[in-house]
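Given next, in structure tokens, is a single chain: the form predicted alone.
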Amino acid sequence: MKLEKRFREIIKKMKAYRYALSLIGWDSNTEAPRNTFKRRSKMTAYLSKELFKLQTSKEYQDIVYNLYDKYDELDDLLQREIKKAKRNLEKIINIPEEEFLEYTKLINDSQIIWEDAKANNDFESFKDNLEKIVKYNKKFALYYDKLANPYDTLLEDFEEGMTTKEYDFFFESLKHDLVPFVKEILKKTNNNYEELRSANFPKTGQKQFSEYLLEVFDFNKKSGLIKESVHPFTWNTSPEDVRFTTKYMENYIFSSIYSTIHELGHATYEQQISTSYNDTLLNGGTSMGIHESQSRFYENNIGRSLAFWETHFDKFKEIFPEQVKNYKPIDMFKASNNVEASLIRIEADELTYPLHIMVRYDIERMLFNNEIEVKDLPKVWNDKIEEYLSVRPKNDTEGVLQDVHWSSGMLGYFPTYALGSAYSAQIYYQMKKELDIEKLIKTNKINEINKWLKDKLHKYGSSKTPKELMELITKEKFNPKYYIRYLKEKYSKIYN
């Protein structure tokens, strides 16, 4: 089919532009010198303009719509791809080119402005940029669908099939069944291992243990690498090039351990996607919720298990003999699962984590319902944290400025973190029926778990929707009861 052949040619060219922009983005977030940003902003604006022209060209529009008219004649994979292409196209063809380029430049500039604002506890210096980012996202969402709630449109971008209606039901389930349990656990006394959690662990040793974790989780270092960044993230262009970062805090060892394992979950997913999707629109993980299910599974179900510490404590002690000379694997297990009302999301324990996400979901929803303005965010943020966790940030660095997402324009992303945790619990209970997970962790055979996930989930890339994948893996529709059950079982046991 001539149409399909030309469609493939244009997609390959788009991917070449995105590859270049993506590499620049990786460099910006890892090791680019500060003085490079002004010049790179101009260069990325030029590349973005060329990409915009290509993906909004009349030829490409005609091809996509003509193929969509022949939808029933296409094979299943091409149907899925053309459906995605049509949505992506309709999201941008009504955006004036000038606005698109202005927004691209705004996002490029906002990264360094946010970093400085966070470092200097200076929300005011970031406020104007954030106001523009929110304004553009509202405007772009309405360009796509004038009748829909703009926030629903953004939520759909990160999690296909999810709107405020579905998320409201999900979060209400957590508030009803989980929040009372969390409050009961927070009342319990437990040795929180404060000395261990705040001891000094030199960065060189932390890097050594992170490299060790790459071996434990069978990460293919010929197709990826690890670096350091202000905020941990995973980057990829294909299964053959998957990179991620971690964050080292010498006075909080668990930050790097679980940032590394979390990002390894994302990275393993991307490395195990079939390469047959490389030159299609079906490469990459199918959604951020499914992606988070993998990072949270590796981080929590594996990395925070007793079996994990029984297996790897000796290596940890070899690197940090003085710091852990008075501790055993059970101590590392309990310390890594200590529950407390903390302020920082990425350092939050597994049990209180969804409450941090509810704060962000509430705030984003209020922003897009015009109930609050960007200037109100510091106070609203602090009030919400206090409402859910009974603690209040002392400054904006540990409050509203702590996350990179809004500076990157990722409004609607946060809910997928809690959703992904819930997905992972449901997948975990299905996996337990087919694998002896604890034995595989104890015998250092996590590669067998990787293989199971590759066969059941990873290999499909985004050729299936999140809902289709959940039913394929677990034999039923998504149900938050598994998440609540998992957390209650685990923490009831830890806290007696």
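No experiment lies behind these values; they were computed from the predicted model shown. Start at 1 with the first residue shown and count on from there.
Separately, the form predicted in complex with another copy of the chain exists; it is not shown, and the next lines address it.
Out of D241, D331, E310, E131, which one falls within 4.5 Å of another copy of the chain in the model of the complex, going by heavy atoms?
The residue in contact is D241.
Only one of N66, T443, N35, N447 gets a heavy atom within 4.5 Å of another copy of the chain in the model of the complex. Which one?
None of the other options qualify; the answer is N35.
At 4.5 Å between heavy atoms, only one of the stretches 369-377, 220-228, 179-187, 100-108 reaches another copy of the chain in the model of the complex; which one is it?
One stretch meets the cut-off, namely 220-228.
May I ask whether A20, E31 and N278 all come within 4.5 angstroms of another copy of the chain in the model of the complex, judged by heavy atoms?
Per the other structure, all of A20, E31 and N278 touch another copy of the chain.
Just to confirm, Y429 within 4.5 Å of another copy of the chain in the model of the complex by heavy atoms?
Outside the cut-off, so no.
Within 4.5 Å, heavy atoms only: does T237 come near another copy of the chain in the model of the complex?
Yes, T237 is a contact residue.
At the 4.5 Å heavy atom threshold, is E50 in contact with another copy of the chain in the model of the complex?
Although another copy of the chain is absent here, E50 would touch it in the model of the complex, with heavy atoms inside 4.5 Å.
Quick one: is L435 in contact with another copy of the chain in the model of the complex, heavy atoms, 4.5 Å cut-off?
No.
Going by another copy of the chain in the model of the complex, which residues of 14-28 come within 4.5 Å of it through any heavy atom?
Read in sequence order, the residues that approach another copy of the chain (within 4.5 Å, in the model of the complex) are K15, A16, Y17, Y19, A20, L23, I24, W26, D27.
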